[in-house]
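First, one chain by itself in structure tokens, the form predicted on its own.
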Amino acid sequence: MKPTTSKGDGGAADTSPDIQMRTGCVSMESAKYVSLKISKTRWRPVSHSSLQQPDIFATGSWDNEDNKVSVWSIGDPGSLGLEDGFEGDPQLICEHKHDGDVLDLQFLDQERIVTVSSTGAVTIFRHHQNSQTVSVSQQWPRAHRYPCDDAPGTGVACSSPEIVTVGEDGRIIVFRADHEGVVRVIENADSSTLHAVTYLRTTEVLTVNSFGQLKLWDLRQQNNSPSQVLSLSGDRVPLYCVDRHPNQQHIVATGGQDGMLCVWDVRQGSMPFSLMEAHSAEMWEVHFHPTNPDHLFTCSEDGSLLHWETASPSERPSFLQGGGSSSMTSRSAMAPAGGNQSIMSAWLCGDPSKSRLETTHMLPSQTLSVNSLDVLGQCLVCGTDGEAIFVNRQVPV
């Protein structure tokens, strides 16, 4: 999706688990061709109290003459009673022109969508569900900038009403929805491009950069220095994406230019806990499943989308099945601070012989980049440079 520099070699995968690649491809719904290169796909959040599956998602486009933010519906998954979960194409509900490439997109809540642009702007769009239209609710033009030029914004994270963005200018900016000014700017947060940001906790964010570094920032602190810096050893391989485990926030996954999947434990050490060969080209996104984080998903410039699963349900203790507290190799005893769990996350196991990790290709053979994915409930959506959107309503999680 994005211009990149020369590839690095990355570090040695000392604690890689025994990865079993499933030969079969899980069937995705036939491609919905949209005549736009899709840079971002995100499900609209569903109520935590409901058991409903998501039915609305948003997309952003890039590298087109006119880029757009679009809202799509997949309807009620059970309405037609079909067993395979694939009842027809996503339907376009509404869309709005977007100045510049959409380089990241997140839902702030069920009505508002935040984007960062290649122009440096940060924009809040509102989806009016009664009239099924989209309008610009708020905008901060040129939020990311160089002294004499625009700087692309590259990442956004939301914890309503707060919004945090990062950009090629190395700045971290904190906004508040419905607040006109900027809440805070960390001017020289990084001397290289910041590629992505995510919330670790309510007041802490993680960023990844072009030097292969993972930095933790405590937004309560007024100094402009990270509270922790972790980095890949050896060559400085740019990191492009980051996600944290939904239940155990000390577990973080990243991906970057070399296509490797890195899992980190931010409580200890300054290097990744494990490195796994994932893709043959840049990894653009990595996402833990939000409610069953024994499952993780990655997508890449190489045209593939992988589903990573740590163990079959029968191999997990019964109290971990269904909700999952973990994610990546094997189990060993521990006593985490503030909890009485006797289980260590499957994503953190130093003994490769005990590691059980399966990966499944989720797309038919592709040649063009899969730029973005999102997973919620049993629904997965992804967008590609082939101007296609794929949806799967029955992800086996």
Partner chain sequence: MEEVDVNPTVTNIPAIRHGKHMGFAWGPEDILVYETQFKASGPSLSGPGGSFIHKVRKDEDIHSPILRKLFNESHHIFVGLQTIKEDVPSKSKKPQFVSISRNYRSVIRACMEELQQVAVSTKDTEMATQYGNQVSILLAIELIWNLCEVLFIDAAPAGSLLLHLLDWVRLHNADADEKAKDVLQSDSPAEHHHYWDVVVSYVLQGRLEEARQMLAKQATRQPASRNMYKLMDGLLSKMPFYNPGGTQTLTEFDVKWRNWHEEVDRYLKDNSFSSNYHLELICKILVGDEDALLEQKELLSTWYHFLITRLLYCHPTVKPIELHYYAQSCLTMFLDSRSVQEPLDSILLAAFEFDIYLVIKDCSIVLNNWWFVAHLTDLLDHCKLLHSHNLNFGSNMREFLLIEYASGLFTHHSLWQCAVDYFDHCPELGRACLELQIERVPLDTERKALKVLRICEDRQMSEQVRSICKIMAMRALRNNRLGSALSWSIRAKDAAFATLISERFLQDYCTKGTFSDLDLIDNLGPAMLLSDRLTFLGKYREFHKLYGEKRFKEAAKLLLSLMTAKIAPRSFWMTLLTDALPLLEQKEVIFSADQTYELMYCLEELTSSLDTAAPGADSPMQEQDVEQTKVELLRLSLARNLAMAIVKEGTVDT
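Quantities reported herein were computed from a predicted structural model and do not represent experimental measurements. Numbering follows the first chain given and starts at 1.
The protein also exists as the form predicted together with the partner chain; that form is not presented, and the subsequent description refers to it.
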Only one of 148 to 156, 128 to 136, 286 to 294, 199 to 207 has residues with a heavy atom within 4.5 Å of the partner chain in the predicted bound form, and that stretch is 148 to 156
Would you check, heavy atoms only and a 4.5 Å threshold, whether W62 touches the partner chain in the predicted bound form? yes
Give a yes or no for F211: in the predicted bound form, does one of its heavy atoms lie within 4.5 Å of a heavy atom belonging to the partner chain? yes
Is Q366 one of the residues lying within 4.5 Å of the partner chain in the predicted bound form, judged by heavy atom distances? yes
Decide whether P246 counts as a contact residue for the partner chain in the predicted bound form under a heavy atom distance cut-off of 4.5 Å. no
Look at the candidate spot formed by L103, D235 and E387 and say whether the partner chain comes within 4.5 Å of a heavy atom in all three of them in the predicted bound form. yes
Work out which of S280, N224, S73, S160 lies within 4.5 Å of the partner chain in the predicted bound form, going by heavy atoms. S280
Since the partner is left out here, which residues of 175 to 209 would have a heavy atom within 4.5 Å of the partner chain in the predicted bound form? N188, A189, D190, S191, S192, T193, H195
